[in-house]
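Below sits a lone chain in structure tokens, taken as the form predicted alone.
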């Protein structure tokens, strides 16, 4: 599998689709790996050039000592895109992945031509909230923290179904160091001003049952960008690409068509 070293940290990424296809970049959420996007892939157009990666501290990427900064996470994504020679792409980011997308769009207009901001915001929580989360994870471990976290992630129907178990397992297996490192990066981020300066096509996606980034928070961020679109997915939580993959992929495809990316 492709890897790149940046700032002494090895980053894992995966590519699929034709090298000359329209490019899309997927950036996943805190506590998950690039496999977060597996459920939607069968429903996407087969000629897309897809780039996915594991952020530092997650999945098959290296776990450096915490804390991390949002600047590091953005530079990691930039390095992956440069290594994969991806340009003029639609960046699809969920939760912290959406924060990374906002920062990369400001920094590298040649890479990001358009944004999909799913279940994310310009600012998520506050430093006190994230410090409490870090303290709890360090005290109890990811295994004990996984259930209360996934209760905030998923809508009630999905949480109570057997389909939820693999995602709770993914979170349980996450690195404490990597998880807490990214928590610190989120805690220190406020993108209201830079995001309000963006002038690129943008789609916001929210889940009606999202306990982590409620719909009003997502809409508030997306509304910072003139001409943006917004979709509310009913009976979905923080990870609608997992709960309703076909519908999520349908929203993505419709947006890509609307901006002439397909």
Ligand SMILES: O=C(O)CC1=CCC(=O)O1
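Positions refer to the first chain, counted from 1. Source: prediction; values computed, not measured.
Keep in mind that the form predicted in complex with the named molecule is missing from the display, and what follows is about it.
Participant: Taking 4.5 angstroms as the cut-off for heavy atoms, does residue 108 touch the named molecule in the predicted bound form?
Facilitator: Residue 108: no contact with the named molecule in the predicted bound form.
Participant: With the partner left out here, check for me: in the predicted bound form, does some heavy atom of residue 130 sit within 4.5 Å of the named molecule?
Facilitator: Yes - in the predicted bound form, heavy atoms of residue 130 and the named molecule come within 4.5 Å of each other.
Participant: Under a 4.5 Å heavy atom criterion, is residue 81 part of the interface with the named molecule in the predicted bound form?
Facilitator: Although the named molecule is absent here, residue 81 would stay clear of it in the predicted bound form, with no heavy atoms inside 4.5 Å.
Participant: With the cut-off set at 4.5 Å between non-hydrogen atoms, does residue 29 touch the named molecule in the predicted bound form?
Facilitator: Answer yes; at least one heavy atom of residue 29 falls within 4.5 Å of the named molecule in the predicted bound form.
Participant: Please determine whether each residue of 92, 202 and 222 possesses a non-hydrogen atom within 4.5 angstroms of the named molecule in the predicted bound form.
Facilitator: Answer is no for this spot.
Participant: Quick one: from 174, 73, 115, 96, grab the residue that has a heavy atom within 4.5 Å of the named molecule in the predicted bound form.
Facilitator: Going through each option in turn, the one that passes is 96.
Participant: Just to be sure I understand the contacts: of 186, 170, 145, 134, which is the one whose heavy atoms reach within 4.5 angstroms of the named molecule in the predicted bound form?
Facilitator: Answer to the contact question: 186.
Participant: Could you tell me which of 82 to 90, 147 to 155, 100 to 108, 162 to 170 sits within 4.5 Å of the named molecule in the predicted bound form, going by non-hydrogen atoms?
Facilitator: Only one stretch qualifies here: 147 to 155.
Participant: Heavy atom within 4.5 Å of the named molecule in the predicted bound form: which residues of 226 to 262 meet that condition, in order?
Facilitator: Read in sequence order, the lone residue that approaches the named molecule (within 4.5 Å, in the predicted bound form) is 238.
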